[in-house]
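What follows is a single chain, given as structure tokens, in the form predicted on its own.
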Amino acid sequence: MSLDRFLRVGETITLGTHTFTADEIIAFGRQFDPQPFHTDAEAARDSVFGRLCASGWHTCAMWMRYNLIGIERDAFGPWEGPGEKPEFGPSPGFSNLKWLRPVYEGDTITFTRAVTGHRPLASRPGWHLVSLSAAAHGTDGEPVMSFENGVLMKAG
């Protein structure tokens, strides 16, 4: 099995779907982004958003949760390739984060990722930098969040 086939380069993978509840929006907002439109449904009505909405960081955190579930689901299957099964390492970060529209209480969001490419690292023989495109969409198909990120992967 080639590395491209293992990584499914160019294919958009659905990671999972999540419905945001008022309780979780408020809990996340209180802990990580204490703005009135994330922590108080009454105050949110008088905000620019008009009602309770999730922090953009909450949407990002849920993408990461479903991404890790997807990695566990996909990475623990049988390996049919030459050498050792690839191993995921740390992420060097993300760029181009866009919160395109608010995620409101009751919204159901689908999280996806697509590997856009990979390259070997000269500084770490056997390791590759894998480039990814991340996204989240509402049930209407409209995007609510997107960003580019990477992850290191050891390919045997």
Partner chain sequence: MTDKKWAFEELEPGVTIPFGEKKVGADEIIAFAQQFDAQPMHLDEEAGKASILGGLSASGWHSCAIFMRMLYDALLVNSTSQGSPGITEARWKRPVIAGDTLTGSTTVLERRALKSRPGIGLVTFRHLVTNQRGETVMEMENPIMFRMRDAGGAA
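Worth saying up front: this structure is predicted, and the values here are computed from it rather than measured. Numbering follows the first chain given and starts at 1.
If you look for the form predicted together with its partner chain, you will not find it shown, but the lines that follow are about it.
Of the listed positions (V115, L52, M62, I109), a single one reaches within 4.5 angstroms of its partner chain by any non-hydrogen atom in the predicted bound form, namely M62. Under a 4.5 angstroms non-hydrogen atom cutoff, its partner chain in the predicted bound form has K98 among its neighbouring residues.
Remark: P92 counts among the residues lining its partner chain in the predicted bound form, judged by a heavy atom distance of 4.5 Å or less. Using a 4.5 angstroms threshold between heavy atoms, D33 counts as touching its partner chain in the predicted bound form. In the predicted bound form, none of the heavy atoms of Y104 sits within 4.5 Å of a heavy atom of its partner chain.
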